[in-house]
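Two separate entries follow, structure 1 and structure 2, each one form of the same protein chain as structure tokens.
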Structure 1
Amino acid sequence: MTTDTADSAEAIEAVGIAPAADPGFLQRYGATVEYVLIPGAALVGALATFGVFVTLYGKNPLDLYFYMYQGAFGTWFSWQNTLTRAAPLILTALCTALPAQLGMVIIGGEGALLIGALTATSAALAMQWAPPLVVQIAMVIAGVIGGGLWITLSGALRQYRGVNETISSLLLVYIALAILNHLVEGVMRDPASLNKPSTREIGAANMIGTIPGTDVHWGLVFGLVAAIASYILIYHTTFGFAARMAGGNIRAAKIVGLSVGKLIMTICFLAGACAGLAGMIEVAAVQGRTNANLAAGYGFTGILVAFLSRQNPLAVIPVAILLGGISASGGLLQRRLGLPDASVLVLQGIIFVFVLASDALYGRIGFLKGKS
């Protein structure tokens, strides 16, 4: 065999090697494969476990999965319902995902959403004389500032008083809910709201419309833009590099002269701003006023979205759509299978447990390390 023929044979053999069997490929992309494989396996395991519970309830788990798909993605109406629910989930997930770059665990997105909704409503009611576009811009600004400052409180407590941000942000949720109930049932209450205390309506002219040709409101676009902008900020700017460096080793960040306190306060404000924007959207696109219906759990589901997406702002988008679809299928499961409406919340809890348990698998799967 000539040298040229031997070289050609080796080249053909090299091309024929499957990427998954190539140690070099796994060394380069093993971590990326992990970030897809492990959360996916956790999700499948959670669905299987939920199917076991449904079987014990006397229902066919295959029917469960079929109706979940139908309710989430089976028709155009289902897709629109799913995307509408995904919009606030994207924004509240960013409230957890952004501080995670600094090694912080913020779980107070629900509180920032409520404060953002309250401040946005206040701005709209105070500017009834203004043109709709001006009112909408004022609502966005008020919601962003309100939510941003709310989560900044957790950052400030962490930076200046050493208070754990996970505990403080969670407690701030209940404070936000208490403030909302106090104002809605007090000075901001609409006298016409008898059975369910609410504020006055912001006005039909000040509502945010739907994307042309769909029933999905513009909040979805807000969420997509926020997620993309967050990804660019974290992975393609010096600020994002500094934040990730501080999150990896805060002592090293201080040694090289980074202002860790400034990073914490800025990231917390941006995180809260995202959740506050979600609250504004819920008022301006769905509710039309502020009341207890705003405490729908979007902030808590956003935590699950952030963890399932491994705190990646871009990965938040498909995961939020998936979780939004699961939430949207709850009504169909109740009608067709007779399952309780809260069964979707049980599934979300199981998913969260599986995601947390699967965290121990990262870096421990031998065939993804590219070693022979």
Structure 2
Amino acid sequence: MTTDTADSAEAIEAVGIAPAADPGFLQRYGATVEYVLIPGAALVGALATFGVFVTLYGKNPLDLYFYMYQGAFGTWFSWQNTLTRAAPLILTALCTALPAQLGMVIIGGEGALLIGALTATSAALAMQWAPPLVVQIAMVIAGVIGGGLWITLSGALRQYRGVNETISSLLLVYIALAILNHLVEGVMRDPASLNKPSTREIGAANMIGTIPGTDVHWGLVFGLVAAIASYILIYHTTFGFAARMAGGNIRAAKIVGLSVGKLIMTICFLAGACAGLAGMIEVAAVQGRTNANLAAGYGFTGILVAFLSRQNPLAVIPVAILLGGISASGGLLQRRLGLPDASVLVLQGIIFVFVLASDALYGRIGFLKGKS
């Protein structure tokens, strides 16, 4: 049932080892071409299906595609809108994509994001005397540790108690939300936040601001760096090799002498750290404090991004931008076409289904297989 392992094995092949003798182009790069072509075709299929759906709803699908393009990538403003929305998604997607290397399905990125936001805010509030750069670094560290430990909890429960990590990470989302609400309306509440219970503000000086020349906050850069670093870690280090091997076959990994427990804990920590960082960025770049607004569903969309990228940390970047674009164009679909806000959800669902179903196509497209 766990098919990702087979896929990642194939991906390794695609990236690293080319077939030996007489490599024709398709033979050599067939798997790589597949890796782009199949999700691309799935995306086109999903968009076409959504077009049919919208046609049945009485709207012109060409208008739909046009406004989607316009809202997501049509103008510089739209691009910035898209990139801003993509920033948290890259990080929360890593929270699912990293454990997937070990064959684990973690869907609790939202919880780690909330806890990361709480710990980062606490750090900033405790260090108001310090210069902004120090506060910001402390926030990063606190967010990373808070989020990291939260997902490590799921990893530890799996390793030492045999509790399924998918279910436990999901339950921990609800628990994290309750903790956040409890603290924000209780001990951490700013008495001045009368009708919108919130923590005190971290202070304008401590905000991380936007990338010069744009409206996009630095969270995007954090995301890009984290994604690239994760890619290098997974595909170009012995640690990553060990993780993928354990993901492929736990028993074999144990025989070779890998410490699976240590792998699980480390990967889960890194995964949670990414989501925690996303929470820290939401506080330090957008909200300026912690309140219930942080539970905006970035963690859940991140799961979608991770699966659509087939758990490849590098592919997370374009997929997050794609989904950021879809969400950026959602407003235009409402205003110009009169489609309900849920259209974005429907489209995401259709894309997800198509991309998953397309998993069956790998290695089956005749002309890509060459003669073998």
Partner chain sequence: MDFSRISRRHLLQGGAALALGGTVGARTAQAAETTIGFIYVGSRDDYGYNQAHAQGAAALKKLSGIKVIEEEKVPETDAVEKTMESMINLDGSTLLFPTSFGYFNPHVVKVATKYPRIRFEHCGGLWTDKDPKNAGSYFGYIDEAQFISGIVAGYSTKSGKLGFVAAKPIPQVLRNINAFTLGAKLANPKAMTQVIFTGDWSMPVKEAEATNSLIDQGVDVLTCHVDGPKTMVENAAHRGAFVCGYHVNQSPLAPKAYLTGAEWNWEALYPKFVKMVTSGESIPNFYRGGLKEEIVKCSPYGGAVSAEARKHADDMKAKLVAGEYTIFKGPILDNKGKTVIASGVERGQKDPELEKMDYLIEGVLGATS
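The term rigid core refers to the most C-alpha atoms you can superpose between the two forms while keeping them within 1.5 Å. Computed from a prediction, not measured in an experiment: that's the story for all the values here. Start at 1 and count along the sequence of structure 1; that gives the residue numbers used here.
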Query raised in the report: Do you think the form predicted on its own is shown as structure 1, or as structure 2?
Result: 1
Query raised in the report: Fitting the rigid core first, would the Cα of residue 50 be found 2 Å or more away between structure 1 and structure 2?
Result: yes
Query - Large Cα shift (2 Å or above) at residue 38 between structure 1 and structure 2, core-fitted - result: yes
Report summary line: Shift of the Cα of residue 355 between structure 1 and structure 2 with the rigid core overlaid, in Å, rounds to 3.3
